[in-house]
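Given as structure tokens, the chain that follows is alone and in the form predicted on its own.
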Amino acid sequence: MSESVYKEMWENLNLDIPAHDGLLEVLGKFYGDIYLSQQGRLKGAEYLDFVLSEVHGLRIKEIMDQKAQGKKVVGTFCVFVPEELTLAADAIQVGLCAGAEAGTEAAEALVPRNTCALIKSFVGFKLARICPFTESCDMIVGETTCDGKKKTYEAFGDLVNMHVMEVPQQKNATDRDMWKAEVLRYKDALEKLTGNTITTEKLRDAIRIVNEKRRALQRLNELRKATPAPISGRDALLINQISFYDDPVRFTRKINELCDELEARIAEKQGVAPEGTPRLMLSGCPMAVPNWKLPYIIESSGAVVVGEESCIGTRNSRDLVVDEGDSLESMLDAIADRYMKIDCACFTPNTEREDNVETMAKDLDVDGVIHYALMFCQPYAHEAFKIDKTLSEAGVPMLAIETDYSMEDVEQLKTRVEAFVEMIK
């Protein structure tokens, strides 16, 4: 499709065209340096490259065409928002831009300077008018997973149609009851937004679609246990990131095709790095597009990333909705139960996450774990101490890193990561 058609579409979305052009230019170069420079990539990675090249183009065109037919678009920042309900209301769910420094000066007029980069990013993208996903949304769903988000949504709600889901902080019976009420409140908000009733049949079909997407990601995670590592951590992270943007049925088909290629590569003992390359796991905060800094540093320091314990990783795909109910109420209960299994750092106590990190490290046979926290992200910074203790007792080395989206600390981080890799060799 021609650039002029896209520009007309972006203008209709009220994007700042010069600023958006500048973003795409930087993003293209960044992607080329980090992804296209890799050796021995899968043929299926062409799909990943195409999606990223068209993420603000063809994908937005698809969404706008569906909006013209009456569909509503729901934007999210978090894996607590039940995609099953969104699809059952015949709406489109997309992740929103929050992985790069954008509109920082304008954002810091709305939120404190010492706010985590992810929060400042989604505010900055909106104020700078450079995220077509945000501008295409009919409703944006926030969640109370941290104080920074909670307070930001108060101000953000003046800019967009905002729905905030209250996430409990514990996992007692009363907390589960409260969460079920929030699921029902979200269902009501969707039905009001779309004018569509969520029926038993629609919800059953939506559960199947989302479960199949998660099964494809589970299959990918299982294949990454192979030695030598058959896919780079960068490409695997990109797959997880794309899962929040692309059409879920198409995404599932493409990732299963890529997994078929992975299985053939594993059978031939082919890998992206030589056998014996240190295997590392990333754990902690989510990494939204285009936050690829740390995986790139790790994999250019003599190691390979074989797993991500994060919301852009196993926390999003580990559990399925148990689809055994024959009524709407039973399926709503199943959805509430599935999302309560998420081991976000907002919960206290959160021994589930400690157990999951240890189990995952053993299953992937990793040589070490890098715990990643965004600066000023208190929940994950606090949990780094507990995860370090758990892994230490299991005999797994861990390196804790706090950083943001800037490139100023790249050399410092590379020095620390290289020393860690050398230590675990």
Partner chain sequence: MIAGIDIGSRSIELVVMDNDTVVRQEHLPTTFDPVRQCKSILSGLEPDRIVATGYGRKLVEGMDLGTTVETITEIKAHALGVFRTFPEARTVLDIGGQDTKAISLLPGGKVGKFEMNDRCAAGTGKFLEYTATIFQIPVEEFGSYALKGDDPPVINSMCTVFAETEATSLMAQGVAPENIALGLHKSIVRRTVNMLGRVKLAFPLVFVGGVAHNPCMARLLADSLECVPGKDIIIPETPDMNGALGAAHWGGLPR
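Residue numbers count along the first chain shown, from 1. All values reported here derive from a predicted model rather than from experimental measurement.
Just so it is clear, the following notes concern the form predicted together with its partner chain, a form of the same protein that is not shown.
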Can you tell me if residue 52 lies within 4.5 angstroms of its partner chain in the model of the complex, counting non-hydrogen atoms only? no
Can you tell me if residue 5 lies within 4.5 angstroms of its partner chain in the model of the complex, counting non-hydrogen atoms only? no
Report whether the minimum heavy atom distance between residue 366 and its partner chain in the model of the complex is within 4.5 Å. no
Does any part of residue 408 reach within 4.5 Å of its partner chain in the model of the complex? Heavy atoms only, please. yes
Is it true that 139, 150 and 160 each have at least one non-hydrogen atom within 4.5 Å of its partner chain in the model of the complex? no
Exactly one residue in 394, 58, 375, 27 has a non-hydrogen atom within 4.5 Å of its partner chain in the model of the complex; which is it? 375
Answer key: of 62, 46, 388, 358, within 4.5 Å of its partner chain in the model of the complex (heavy atoms) is 388
In contact with its partner chain in the model of the complex (heavy atoms, 4.5 Å), from 358-366, 66-74, 27-35, 395-403, is stretch 395-403
